[in-house]
Ligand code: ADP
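Given next, in structure tokens, is a single chain: the form predicted alone.
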């Protein structure tokens, strides 16, 4: 498309998505796809997989075909792309025949840059679509959730197997397979099933630093859960349950407690299920109590917590489900209530009839999930190790690290002895709740009369229930207590217990903060974009976003993620130029919504005397002149040679089968090295204007300069001027 001429991937990122820099790993994948090579991409949920095919789709001629398994996910991504000014559409069973025909007409006319499809649309019964593709310019195929093609993946779907013929039918079209979770066996199977065995595999870090991982004993979990939810009244979250009935029962109980909660499972009538999913997406607050049928198609970025009331079947599922929290990069919590008894219950669900080998693999995966819960090492370290990634130091953002590395301790030997003695007196036949009642001398009728006569009854009245719960969990983590493996979780002694009871071993126990102190501590440790953003302004901006989203009948997070609102509430931009420097404000959204949000900011800041702090914002994409000097590789030299022989940018792009923007990027590189005169790309008059704008706004973003200068200046001219400026700055230094 002509309007993309001269734009490189960084320019497109700013113009259409509002970001100044790529996340780690994205740019390497994009370059690989632009070179017409196949690849498998593993990036964590919320890590930016979509941009890996959306940017190449914008640069390359033709239409990108995206295979996505769920209707809701397609709709979210297409809505977001259209809102950003990218021509995209989807074809699925939710559309009428007339609506589908309109999409096909747009496809045949070459209007669409991306078309989203479900895998069944390419099955044998729908070969007409494949025949249509043969007559069109297809830029790439992107297979999202590609683990669904593997029998060894945690979410195998037979419809995905039909995608194995794409490479055979379209050998010259690059294919990019994407997934958030796949072990080594699954990765190899994905490549084999898609017929791209020699494709390069890109693996990004699985470390979601903004997520706090917490595993708590399942006893008394409902009170723990409501305690947790009461601290998050205005936040959105997902609670996963094992069965359909569990979701209905828990949602009802939570509604009676005053929470905005709905149940979601595959047994609901289709319209009701769709309605509840849509309500969840459209609201900034609210709780979805669901089976694992919910979530794979949800692109909601401001989910602040994910809770599991049962043990997931494997670490891949757990990682993917917890990854639905904090997709916007702000601090979020993931909590799992664990009972070893859950392991036995789940074993009957993982048997694969007639396939003992796969049953054995699923059994092993379940045991690894149980090992994670019972581990006494950093939760994050355990998770990353499962995906062959190493964390060399404690994360200090999981329950294990927070309970061991930051909590002050005291000599708790006597308390530990009381606990262990009580377990002995109760003959290791009771769980945590009964033990605490026993130690505190409870008058409850559930305490047996013979137990009231024991010498340890009531020996712990001076300590709170919360303290006893934490100390019991701590002794379990240290290996001085253990929980039974049966249907009921009973507390039992271990081989280490004797050393405390009889051999004089000292025990350090944590000082348990009050709930208020704990909340304050958590607030001070939030790992989001800024723990100091203006909460009052953030809430006002959130209300503005919700009103705008409601008028457009779109989810609020598609307008802007919470991270954008947090940035606005940190740096207080006061004009359009400053607003363009905020992540999320691309050219299209700046034009559509800039004035609305700017008015809110100015109206809030002016009476309070708050000044802009944009000068304090350090762009992550800020690149020193030395770093800006990219290596001059062979492909750039080939472009230079053709240009010096008098060929135009367009003819070079056609001859080399490259995008016009890629060729332009090659050539402006040689302005930086001094091998090409900047005036070959921009007039003296325009160069002077761009240089003045650079002095005011810096060189970090061509998109920001484009917003300032308008349509009279092309990206080719702006990038050439930026490189000329950087070349001269290095010379001056």
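Every value quoted in this text rests on a predicted model; they were computed, and no experiment measured them. Numbering follows the first chain given and starts at 1.
We do not show the form predicted together with this ligand, though everything after this point is about it.
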*Answer with yes or no whether residue 19 is in contact with this ligand in the model of the complex, where contact means some heavy atom within 4.5 Å.*
yes
*Verify the contact flag for residue 69: yes if a non-hydrogen atom of it lies within 4.5 Å of a non-hydrogen atom of this ligand in the model of the complex, no if not.*
no
_So, residue 50 and this ligand: in the model of the complex, are they within 4.5 Å at any heavy atom pair?_
yes
*Any chance residue 46 has a heavy atom within 4.5 Å of this ligand in the model of the complex?*
yes
*Assess the spot marked by 23, 26 and 327: is this ligand within 4.5 Å of a heavy atom from every one of these residues in the model of the complex?*
yes
*Mind telling me which stretch in 57-65, 688-696, 674-682, 38-46 gets its heavy atoms within 4.5 Å of this ligand in the model of the complex?*
38-46
